[in-house]
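Encoded as structure tokens, the following chain is the form predicted alone, with no partner shown.
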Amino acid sequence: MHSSQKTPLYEKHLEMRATLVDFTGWSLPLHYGSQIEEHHYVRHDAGMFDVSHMTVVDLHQKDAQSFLRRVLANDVARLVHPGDALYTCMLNARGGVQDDLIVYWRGDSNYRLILNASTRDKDLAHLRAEAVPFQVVIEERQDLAMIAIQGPHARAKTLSVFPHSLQESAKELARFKSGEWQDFFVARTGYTGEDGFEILLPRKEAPFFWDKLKAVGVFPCGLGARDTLRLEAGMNLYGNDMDESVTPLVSNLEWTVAFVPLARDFIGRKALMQQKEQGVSQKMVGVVLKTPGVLRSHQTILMDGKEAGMTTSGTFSPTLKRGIALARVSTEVGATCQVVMRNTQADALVITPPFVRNGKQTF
């Protein structure tokens, strides 16, 4: 724990007696007492997460757009208004997922990427290597903190602590859009399946802003609730549900790949086109236990007694009160399957994620 990096909110976590864990080299709260309660705060009210460990990278100079059109599978040319955002994968030459990220267009030749903390070193090395032929500056922003506020009341509560001059502008922000006011970069994005904001602000201002949010009833939440929330929302976790060994086509992420225009030669395109032509043999599905139990990653999926795939992420869903998982399975798997749990076979439903939307079951 001593070697872990600390976010600007570390002292706040200590004050609140958080259970701290090492997460990709950062000391972060797992929970502040009850992971289940924190999960429900986000589904029914408003919760906030310290996500200052995420890697923020700004790109500028004239080739920024053409560079990103080369290194990202989605097409940043789709961003037509300053503040527009896009979810995308960054692929290797084999079409494997190097990372998944959000890219924001800030106007002119300015873009902001939010990368996973676990892939920081390889992502920065990859971006810098690929940038050599382009006139682009890649700048990591270690001067910023990041707080995610999520839940049905997240926007209203967050707006109430903004200065009045910002409230009206921030209120107009549509989903998957961002705006910049004073020192705040405010994006209407998130990783929970709920509405809300992800806010970047100067490190020194983060503890003060955290306290203001807490004072209006936004509940601090840890990594535990973040994981159960994103899994209920059917959102992939890098390193579990996709990595460099699998492509977006078998990770429920084909929607994040822009194959048109045909002339855009992004890294991994050739491999994906080949895979599409040959036809994929696997797909990503949601699995819901019919009987009591908790699903975990790396559990074998059976169809008619034969091995048909593997769970990639699993948990107990606090909203559904059932075991749920994402799984990569044979395309032949239908509406039901069995999961091998401690040498027994448990019956399960197979669904198309998400499991939960707007706090309600989807299947």
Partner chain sequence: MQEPKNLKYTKTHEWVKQEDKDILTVGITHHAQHLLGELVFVELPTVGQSVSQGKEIAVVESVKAASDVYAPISGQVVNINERLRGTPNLVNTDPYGEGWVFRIKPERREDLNNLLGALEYEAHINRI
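Residue numbers count along the first chain shown, from 1. Every value quoted in this text rests on a predicted model; they were computed, and no experiment measured them.
One more form of this protein should be noted, the form predicted together with its partner chain, which is absent from this view; the next part is about it.
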Subject >> Non-hydrogen atom within 4.5 Å of its partner chain in the model of the complex for each of 292, 296 and 316 >> reply: yes
Subject >> Candidate from 98, 251, 178, 228 lying within 4.5 Å of its partner chain in the model of the complex - any heavy atom >> reply: 228
**OP:** With its partner chain left out of view, choose which of 35, 66, 300, 330 has a non-hydrogen atom within 4.5 angstroms of it in the model of the complex.
**Re:** 35
Original post:
Which one of these stretches, 49-57, 26-34, 331-339, 300-308, sits within 4.5 Å of its partner chain in the model of the complex when only heavy atoms are counted?
Top reply: 26-34
